[in-house]
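Here you get one chain, nothing else, as structure tokens; it is the form predicted on its own.
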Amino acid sequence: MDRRVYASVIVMGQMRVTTFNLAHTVESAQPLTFFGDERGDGKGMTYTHKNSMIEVVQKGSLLDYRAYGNIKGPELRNEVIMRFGLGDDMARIYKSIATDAFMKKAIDSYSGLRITRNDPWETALCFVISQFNNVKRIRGIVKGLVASYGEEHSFLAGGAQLRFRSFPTPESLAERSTDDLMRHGVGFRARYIKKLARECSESFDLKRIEGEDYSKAKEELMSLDGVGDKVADCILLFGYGRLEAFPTDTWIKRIVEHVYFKGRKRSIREIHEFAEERWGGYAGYAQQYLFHNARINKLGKVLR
């Protein structure tokens, strides 16, 4: 594996933030959670971005950030703002999605939870792995793939050499056998991961759908092997910042049926139509607050 070695390059900055809670954001099962490392107290985390390692620490209304590697100050600031959705107008979003008592309680409980914006390839891989899986296992699998197939980078800081691995590229996974991938606990997903990596490295340009109409972009994503309705919406929401996306799996379907339809069954299509009509362009935020509130408060038993 190639190794990139950098001299002592540390870029630091600070910004004031409002209506932002790092702990709620990273604990809400977003792609960043799967390959980044939370500090433990909910106030800081470290993650990789291309060939740099970035650390953010929240101190009340101040967000400190620093990077090691090959990134300049303005680029770093823009990366942090984009990554944590700090440009989103939360007052407007809350006004738009606070349509009922359940949602208002979720917002009050987890105020400051933001939708993160991640690299589309990272997002696609994470959510293909997420199918029929839980957060702990997803994180273990993704971390294992990074450790085995990510490019190693080193930097010198304080007289010590520190190392990290960047997120594996589509090319690095496409050349692996399904047996290699299976060793990381991906199970039946191995063939989907390999096919996805091959398509994204050879024939499918993820950048191409950036500005496409939502329905068209979703249709194109669903042409990828292993990407269904829910995963496509996850990629659009967390990889492209399409806040109108409303990822709907069995879990979200049950939450919506329980809260808004008195337990009556609804099809996935009906759930999408309901979310679009009720929350419009911010349906993705509504979904994340519904999901996080139900998950933290262990509503699974109620929703079975």
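Residue numbers here begin at 1 and follow the sequence given. Worth saying up front: this structure is predicted, and the values here are computed from it rather than measured.
Just so it is clear, the following notes concern the form predicted in complex with the DNA, a form of the same protein that is not shown.
Participant: Just to confirm the contact call: exactly one of 80-88, 180-188, 161-169, 104-112 touches the DNA in the predicted complex at a 4.5 Å heavy atom cutoff, so which is it?
Facilitator: Among the listed stretches, the partner-contacting one is 180-188.
Participant: Given that the DNA is not shown alongside this chain, does residue 154 nevertheless sit within 4.5 Å of it in the predicted complex, heavy atom to heavy atom?
Facilitator: Judged by the heavy-atom cut-off of 4.5 Å, residue 154 is well away from the DNA in the predicted complex.
Participant: Considering only heavy atoms, tell me if residue 117 and the DNA come within 4.5 Å of each other in the predicted complex.
Facilitator: Answer no; every heavy atom of residue 117 is more than 4.5 Å from the DNA in the predicted complex.
Participant: Answer for residue 61 alone: is it within 4.5 Å of the DNA in the predicted complex, judged on heavy atom distances?
Facilitator: Flag for residue 61 set to no.
Participant: With heavy atoms only and a cut-off of 4.5 Å, decide whether residue 230 touches the DNA in the predicted complex.
Facilitator: Residue 230: yes, in contact with the DNA in the predicted complex.
Participant: Kindly indicate whether 36, 51 and 148 are, all three, within 4.5 angstroms of the DNA in the predicted complex, using heavy atoms.
Facilitator: Judged in the predicted complex, none of 36, 51 and 148 sits within 4.5 Å of the DNA.
Participant: Looking at 213, 175, 225, 219, which has any heavy atom no more than 4.5 Å from the DNA in the predicted complex?
Facilitator: Residue within 4.5 Å of the partner: 225.
Participant: Which pick from 252, 32, 275, 45 sits with a heavy atom within 4.5 Å of the DNA in the predicted complex?
Facilitator: Exactly one listed residue reaches within 4.5 Å, namely 252.
Participant: Which residues, if any, of 263-282 lie within 4.5 Å of the DNA in the predicted complex when only heavy atoms count?
Facilitator: In sequence order, 267, 269 come within 4.5 Å of the partner.
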